[in-house]
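Presented below, as structure tokens, is a lone chain in the form predicted on its own.
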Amino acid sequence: MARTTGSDGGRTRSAIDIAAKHLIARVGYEAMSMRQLADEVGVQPAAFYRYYPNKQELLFSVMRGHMDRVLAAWEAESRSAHTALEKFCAFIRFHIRFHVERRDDVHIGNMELRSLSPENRAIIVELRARYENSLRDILDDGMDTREFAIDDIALTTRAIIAMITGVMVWFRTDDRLSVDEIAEKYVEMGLRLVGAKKIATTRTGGRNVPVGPKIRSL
């Protein structure tokens, strides 16, 4: 995605962000050079500093942008769910479908948190906690309404986040199951983990599957 010198500023910054994500995911933050990034975008190396004062701020911008988009998208999608059971099913579907389409962001978030400055790392950690606490709040609500039976909510929250994030490691588009089918399998596993008391089901292909609000593709 080359941009020539003198391209529109907003488009050039967007091209820098996209190229940076691909490069960091491929070679790592420390190994990525500004020369590589400039060549990828099609600008002079000096042009990079019109948009970012240094490489650290570029990494922070990439990671902060991803977390802002996750939080905004989940907030919008969660409005269609009402009960704790519905919200729980929606969260699992949303997390898998949203992140499968953004593997570079997921990889960078997992591998490059250590590369952030202490101040920038604290901001990203806080945003992650806010997102993960969305799930914990759902589990808390489910316990209050007796929809779930959970011994350790904090541990269960971490276990579910790890389980559904792991899909990004192994999923391939040519696998025998589609993203939607995998999401439904993970909803079933998640419901067992939280000891769901009441599961609405529908007959699909001769078997019962949990029903929740359908998350549209993002």
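Here the structure is a predicted model, which is why all the values come from computation and not from measurement. In this text, residue numbers run from 1 along the sequence as written.
The form predicted in complex with another copy of the chain exists for this protein as well; it is not shown, and the discussion that follows is about that form.
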Can you pick the stretch from 35-43, 50-58, 181-189, 65-73 whose heavy atoms fall within 4.5 Å of another copy of the chain in the predicted bound form? 181-189
Please determine whether Val194 contacts another copy of the chain in the predicted bound form, using a 4.5 Å cut-off between heavy atoms. yes
Flag Val100 as yes or no: does it have a non-hydrogen atom within 4.5 angstroms of any non-hydrogen atom of another copy of the chain in the predicted bound form? no
Using a 4.5 Å heavy atom cut-off, state whether Ala25 contacts another copy of the chain in the predicted bound form. yes
Look up in the predicted bound form whether Leu127 has a non-hydrogen atom within 4.5 angstroms of another copy of the chain, and give yes or no. no
In the predicted bound form: members of 157-180 within 4.5 Å of another copy of the chain, any heavy atom: Arg158, Ala159, Ala162, Met163, Gly166, Trp170, Arg176, Leu177
